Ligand code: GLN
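Listed next as structure tokens is one chain, alone, in the form predicted alone.
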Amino acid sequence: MDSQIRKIHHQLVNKEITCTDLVQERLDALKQNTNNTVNSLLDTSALDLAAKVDAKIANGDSIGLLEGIPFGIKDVYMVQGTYTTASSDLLKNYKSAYTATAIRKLLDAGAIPLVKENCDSFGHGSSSENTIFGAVKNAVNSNLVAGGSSGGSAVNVAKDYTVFSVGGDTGGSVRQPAGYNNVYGLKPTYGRISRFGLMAYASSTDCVGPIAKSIEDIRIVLNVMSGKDGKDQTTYASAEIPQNGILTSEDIKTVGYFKNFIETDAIDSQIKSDFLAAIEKIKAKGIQVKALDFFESETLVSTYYTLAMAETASNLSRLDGTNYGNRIEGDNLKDTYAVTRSENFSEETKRRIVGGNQLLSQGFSDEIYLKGLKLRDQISENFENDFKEVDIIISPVTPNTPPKIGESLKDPLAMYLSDAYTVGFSLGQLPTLTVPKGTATGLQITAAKNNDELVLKFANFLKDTI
């Protein structure tokens, strides 16, 4: 089974390479990269950790599977003592006082963080252009966007700067950039991995998600990060997914797809034809395929952004320069709050805060926000009914190919619509994986809640089918 993690582990154990050389090589590549993926390098600590791994191997001690494996961290995760900027002016000099649970578990397993990765500021965007560090450039074509908001994380994996990266997915922020850069990206079931230490964007859909070049590496990293956490009340205990558990797909009998995702003028003609060709290949393997009815993509996008903007307005209300952040003094306290937030937030973040505050204001909350909550319940109910009929739902990751850098900034609505095929699964809190197969931006595999293992099984099936 393909796995960079296992390959590197084997090389380290057999002394074919040293961990110090491995880490230094990746750090050098990150320093020289022209894709704008780096917010800050963790070079000193990375080399110190690498030296300790080399010492263990020299002493004949055994090392864990993740021990010495270099990885990247989207710059919205707390890592004690490191700059955690969220790619924003407001937090450009902020250093974390603690470490996120998901990252702590990886550190405890011996993985070595190399870099805090560029992303849309506070996760607000689908292109990784809304950042003070410059737009992240696509790994395949540097004239195109990398996708977002975890664009730097996806590009670093695609370019082999990191073996895997930890992104964050709210409405597609792991899956869409994974699709744009031809790598795997997983949004697990909501609550499988602790959100403690992840800067909150929309708390009801925020998920910690791994990005890697193989299904096996996704499985390994997912297992390490998963589990109940007393610091996040939405987490739950989950069984480890065994390697042999995802090697067969005999229990997958029926696959569904949403016909309104395909029977629309909004989808690129090539993505449509490639998706339908993939469906035929699945049918040829003896699996039944059903066309399902679902909400229109415009309804999904508007429901998601209604709730996400309301939640981000609430979550970011704490960032006013008083307790932390880049405070700008005004004529009085009220003016200080206003100028600090106006000057330090990106245009996209301000757009979402203003929209969210309006949605939550008197007169609008009943008319719009509460309707959004009801629609979310209806979407979840629709999924529950669908998964009584099918085992897996498959869909394109995006309706279109990546735009050129600069285009999304001119048309925010087009940027929101690029999430049309990802946000519904976020609202349903379902496990969903992007696989770099089938269409120019990949395919998306979804299963019912807590069926993350089934998603990985079908991904393995697709690897040999398409």
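Note that the structure is a prediction, hence the values are computed from the model and not measured. When you see a residue number, it is the position in the sequence shown, counting from 1.
In what follows, reference is made to the form predicted in complex with this ligand, a form of this protein that is not presented.
Can you tell me whether residue 419 touches this ligand? I mean in the model of the complex, with a 4.5 angstroms heavy atom cut-off. Residue-level check for residue 419: yes, a contact with this ligand.
Please determine whether residue 153 contacts this ligand in the model of the complex, using a 4.5 Å cut-off between heavy atoms. It does not: once this ligand is placed as it appears in the model of the complex, residue 153 has no heavy atom within 4.5 Å of it.
May I ask you to state whether residue 133 is within 4.5 Å of this ligand in the model of the complex, using heavy atom distances? Close contact is absent here: in the model of the complex, residue 133 is far from this ligand, nothing within 4.5 Å, heavy atoms only.
Could you confirm whether residue 185 comes within 4.5 Å of this ligand in the model of the complex, counting heavy atoms only? Because no heavy atom of residue 185 falls inside 4.5 Å of this ligand in the model of the complex, the answer is no.
Looking at 134-142, 210-218, 162-170, 84-92, which lies within 4.5 angstroms of this ligand in the model of the complex, counting heavy atoms? Careful reading of the contacts points to 162-170.
Heavy atom within 4.5 Å of this ligand in the model of the complex: which of 305, 258, 190, 77 fits that? Just give me the one. By the 4.5 Å criterion, the partner-contacting residue is 305.
Name the single residue among 179, 396, 72, 125 that comes within 4.5 Å of this ligand in the model of the complex, judging by heavy atoms. Exactly one residue meets the criterion: 125.
Within 4.5 Å of this ligand in the model of the complex: residues from 23-52 (heavy atom criterion): Contacting residues: none.
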